[in-house]
Structure formats: C-alpha cells, structure tokens
Ligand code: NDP
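Below, in structure tokens: the form predicted on its own, a single chain.
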Amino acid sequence: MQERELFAIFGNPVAHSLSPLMHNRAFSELGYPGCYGRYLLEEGERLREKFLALGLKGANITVPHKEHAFHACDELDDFARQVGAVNTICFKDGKLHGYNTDAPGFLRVVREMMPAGSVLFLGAGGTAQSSAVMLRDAGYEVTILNRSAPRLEYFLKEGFGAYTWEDFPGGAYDLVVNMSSAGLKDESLPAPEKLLRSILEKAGGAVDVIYGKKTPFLRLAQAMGIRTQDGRAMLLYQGVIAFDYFTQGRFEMPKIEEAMKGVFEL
C-alpha cells in the first residue's frame, strides 16, 4: 500500500476550516494518496518548525499567518514575492516553496460578479495585499480602508489609494469587500457602523472573505438591500489551485473543482 502524503492547514482559528473536507474529498475521488488535517498555530514564527516536525508535503495558511508563511519559505514564486504573502507551501527537494493562491481565486470571484469596476477593501492584511495587486493588474480600481496607518504602508508604496477610518474621503464603489477577520470569531464589524453605512449606501455589492456564517458585515449589507456573497467561492477556487500545486499538476483543474465542489453540496 502506497504511503500517504500529509498536508494541513495552519491558522488561528482553524476549527471552522472546510479545507480538510475539500482536499480529502479530492484526494479520495481522484485516487491520490494524500491526507489533509488542521493545525491550530498560535505563534506564526514557529510555522516552519511545525511544518517540518509534522513531516508535511504541503500546507495552506490562513489568518493570521500569511506573512509569517512568506518568511518561512526558502523559495517563492514571483507573485508571492511581489505581494509579501503566502497561503500555500509545498515541500520539494528539501526546501519550502511558497505560493499565493488567494489572489487568483479572488480574482475569479470578482470577475464572475463584474468584468470591471471599482473595489474597496476593508482591511490590509496578507489576503488584501495579494488580491489588491492581482485585481489592479487585471484592470480593476482598488482602494484600501484600514483602522490603522502602519499597515497601509505597503499599499501606499505600491500606488494604491489607502486610508484610515479618520482620513477616508468617501466615494462610490461597485464592490465592497471585508478582507479582515472581523466577524469570524465574534460579532464585530470591519469598520464603525456609521462609516460602513455611508459606504454601503453607494455600493453595488458586498463580499466577505469569511465563509460558514452570515457575518455582521453581510447582515448589514443585506439589510440595506445590497447583493452579497460570502467566501465559499474564493475558498473553492484558491483550493483548486493549491491542490494543483500539492499534486504537481497531475490532474485537470475542472476535475479537481468538481471533486471539491461536492463538499458545499453535502
């Protein structure tokens, strides 16, 4: 019997993650000897140590460790190096290779909602960094809104419009996206409610990268009559790309997607 390769997702929190169900279902349906689990990582600085100690062949990384994952890798693909955030790691030839599948996954979500337009990100973490660059390169106009100024330095350096709650000039956006973890473990909003209402009043749609619960952000948008979408599609699309890296291109992407999609239909 062929020995199974081990994979996992690192995050904090991580118990809610559907990634193990998605990847294990794809391993089973496509006949690949893989097993995928969860690992609650409280100290992001120890990601490399834990990855190696567990004998993993690959891993996904979720909040709040995507920038720690970037620094844990020996090799980075060009896009991950550009955006400074990694959410997929593969162990090859004794080295940790880092990739970013969040951004192409999110680009597909946005393209399915609208072919062009303006997007406002609420939050300035690793997912926002990678997605902002990919959307801009695809022709979208991206603006960032965050609680504090220090996290905006990357975006300002890259030429994005980036503001704190205090200096935000307002404006109308085709899509408003919660890129933060607000609402994941609690009932918090990604910005003060008064500010959010003023933004959503002029918005064409709202997306939350969190999945598995109707967040306060999505509830507010729905109450205001705005079309909404949670993070399930992004999770699926980035997972397909990650699986392709894990299995070194052995399977056709539509077959991976079809296998993983079954998790959301259970």
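This structure is a prediction, so every number in the text was calculated from the model and none was measured. Just count from 1 along the sequence shown to find any residue number.
Not pictured, yet referred to below: the form predicted together with the ligand.
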note = Per contact check vs the ligand in the predicted bound form (non-hydrogen atom within 4.5 angstroms), the hit among 217-225, 230-238, 39-47, 25-33 is 230-238
inquiry  = Taking any heavy atom pair closer than or equal to 4.5 Å as contact, tell me whether residue 209 reaches the ligand in the predicted bound form.
reply    = yes
request  = Spell out, yes or no, whether the shortest heavy atom distance between residue 180 and the ligand in the predicted bound form is within 4.5 Å.
outcome  = yes
ask   = Heavy atoms within 4.5 Å of the ligand in the predicted bound form: does residue 165 have any?
value = yes
query = So in the predicted bound form, does any heavy atom of residue 189 sit within 4.5 Å of the ligand?
reply = yes
note = If we test each of 81, 71, 108, 147 for a heavy atom within 4.5 Å of the ligand in the predicted bound form, the one that passes is 147
note = Those residues of 121-144 with a non-hydrogen atom no more than 4.5 Å from the ligand in the predicted bound form are 123, 124, 125, 126, 127, 128
